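The chain below stands alone and is given as structure tokens, in the form predicted on its own.
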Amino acid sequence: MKVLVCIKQVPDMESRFKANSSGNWYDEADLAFRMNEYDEYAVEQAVQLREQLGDAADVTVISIGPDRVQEALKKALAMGCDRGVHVQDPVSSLKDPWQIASIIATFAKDKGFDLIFAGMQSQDRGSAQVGVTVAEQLGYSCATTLVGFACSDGVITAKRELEGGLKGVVKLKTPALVTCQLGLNVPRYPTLPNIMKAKKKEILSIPVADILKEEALATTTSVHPPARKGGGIVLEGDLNDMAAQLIGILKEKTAVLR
């Protein structure tokens, strides 16, 4: 079984973000980058499948971006993927989800992948469009928001998280694409021996111009922090006193009790 895993490198979400000089994305200076959290579940599930199938499985991991994304690829290789593909694009942040999906689909279309894993969404853009668009372009069956996964005889059994805490179970025949999220598994930490083995694994580099032929369908015109709002009021003291204070505030500052 040939497996492809799609990953993205994103800033650490604890970072302090500010708009770049063009105002259309965040400034990457002084940011720490890591593998997108949802993609870690995708990598882990692909590696678990490889462990299940043994030599019958082959796992390729792909990422799009500048040179720094090789660090995310190396982590995926250390987790157990067999080889990496780096689509070199120093301005990948300016690509819309349609273009990103087109890059992945163009790479994958003649490779015979039986199964593609992707994260549910990226933590920076959060569109949740890339995985399903890749499936549509390749003509693959697709299931999203997986919290459970099993594979047997070319049939995928996927447990999906639905609205209101409900779960749904669907079966898909390969070739298929699934998107992964929190609750599917617990991603492993690469061990030192596996980190050393990953250094010998192949990372193929492809210039983005060689495989991107699609124009953007959407453009990010501006990014900015949310507008500042006034602080709240914390009431303290005896319960009866706080109730009286609250009534006074409602009368003075709102029309609720008028």
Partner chain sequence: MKALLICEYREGKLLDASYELAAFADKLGAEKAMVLIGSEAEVPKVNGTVYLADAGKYGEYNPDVHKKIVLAAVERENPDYIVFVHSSYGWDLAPRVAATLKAAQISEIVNIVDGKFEVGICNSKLRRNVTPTTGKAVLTIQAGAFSVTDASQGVPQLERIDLADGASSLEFVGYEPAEKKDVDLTRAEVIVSAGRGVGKKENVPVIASLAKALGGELGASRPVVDAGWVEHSHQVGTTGQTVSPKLYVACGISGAIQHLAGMKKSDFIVAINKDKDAPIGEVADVLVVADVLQFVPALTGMLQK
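Given the structure is predicted, the values throughout are model-derived calculations rather than measurements. Take the two forms, find the largest set of C-alpha atoms that superpose within 1.5 Å, and that set is the rigid core. Numbering follows the first chain given and starts at 1.
Not on display, but discussed next: the form predicted in complex with its partner chain.
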Non-hydrogen atom within 4.5 Å of its partner chain in the predicted complex for each of Val69, Lys74 and Ile103
no
Is the gap between Ser205 and its partner chain in the predicted complex 4.5 Å or less for some heavy atom pair?
no
Gln52, heavy atom within 4.5 angstroms of its partner chain in the predicted complex
no
Asp89: touches its partner chain in the predicted complex, heavy atom cutoff 4.5 angstroms:
no
Using a 4.5 angstroms cut-off on non-hydrogen atoms, would Thr220 count as touching its partner chain in the predicted complex?
yes
The listed residue (Phe149, Trp98, Phe113, Phe107) that reaches within 4.5 Å of its partner chain in the predicted complex by any heavy atom is Trp98
Can you list, in sequence order, the residues from 147-178 that come within 4.5 Å of its partner chain in the predicted complex, counting heavy atoms only?
Val147, Lys159, Arg160, Glu161, Leu162, Glu163, Gly164, Gly165, Leu166, Lys167, Gly168, Val169, Val170, Lys171, Leu172, Lys173
After the core is matched up, is the C-alpha of Ser15 off by 2 Å or more between this form and the one not shown?
no
Quick one: once the rigid core is lined up, does Gln245 have its C-alpha move by 2 Å or more between this form and the one not shown?
yes
